[in-house]
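One chain comes next, on its own, written out as structure tokens in the form predicted alone.
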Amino acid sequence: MAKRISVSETPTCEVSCRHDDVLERVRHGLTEPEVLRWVAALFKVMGDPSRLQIVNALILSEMCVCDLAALLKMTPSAVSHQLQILRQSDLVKWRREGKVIYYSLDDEHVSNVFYQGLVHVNEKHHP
């Protein structure tokens, strides 16, 4: 008879074991810690709902700060602050047209990360 485990309990091995073949294979495939720090920083930046709203909007269209502020019901100052964080993380880029600055995603990887997150959440929480 299988042991029932509560949702809050994390299952662990009931015996001490070690699979050296698995350890060796995985050890050689691990990503360098420095690279993982950069990935963690990316997820930290993407972990803010306001920034995700901006990314979501920029997936659909290049936009200026004024339009983003109106769309998201934020002040231009608040949008600019979030865009600065996204820009410093190489997630968005800008271009000038006269006196107007337009923002867009830096590359398709940004939208891929966003959409992969949506797919995961929708599969787990909205089947």
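Numbers for residues come from their place in the sequence shown, where the first is 1. Given the structure is predicted, the values throughout are model-derived calculations rather than measurements.
Omitted from view is the form predicted together with another copy of the chain, to which the following refers.
Exercise. In the predicted complex, does His81 have a heavy atom within 4.5 Å of another copy of the chain?
Worked result: Taking the distances in the predicted complex, the answer for His81 is no, it never comes within 4.5 Å of another copy of the chain.
For this session: Using a 4.5 Å heavy atom cut-off, state whether Arg27 contacts another copy of the chain in the predicted complex.
Result: Judged by the heavy-atom cut-off of 4.5 Å, Arg27 is in contact with another copy of the chain in the predicted complex.
Exercise. Is Leu52 a contact residue for another copy of the chain in the predicted complex, using a 4.5 Å heavy atom cut-off?
Worked result: Contact with another copy of the chain, yes.
Exercise. Wondering, does Ile85 line up within 4.5 Å of another copy of the chain in the predicted complex on heavy atoms?
Worked result: Ile85: no contact with another copy of the chain in the predicted complex.
Exercise. Relative to another copy of the chain in the predicted complex, which residues of 102-117 have a heavy atom no more than 4.5 Å away?
Worked result: Tyr102, Asp106, Asp107, His109, Val110, Asn112, Val113, Phe114, Gln116, Gly117 sit within 4.5 Å of the partner.
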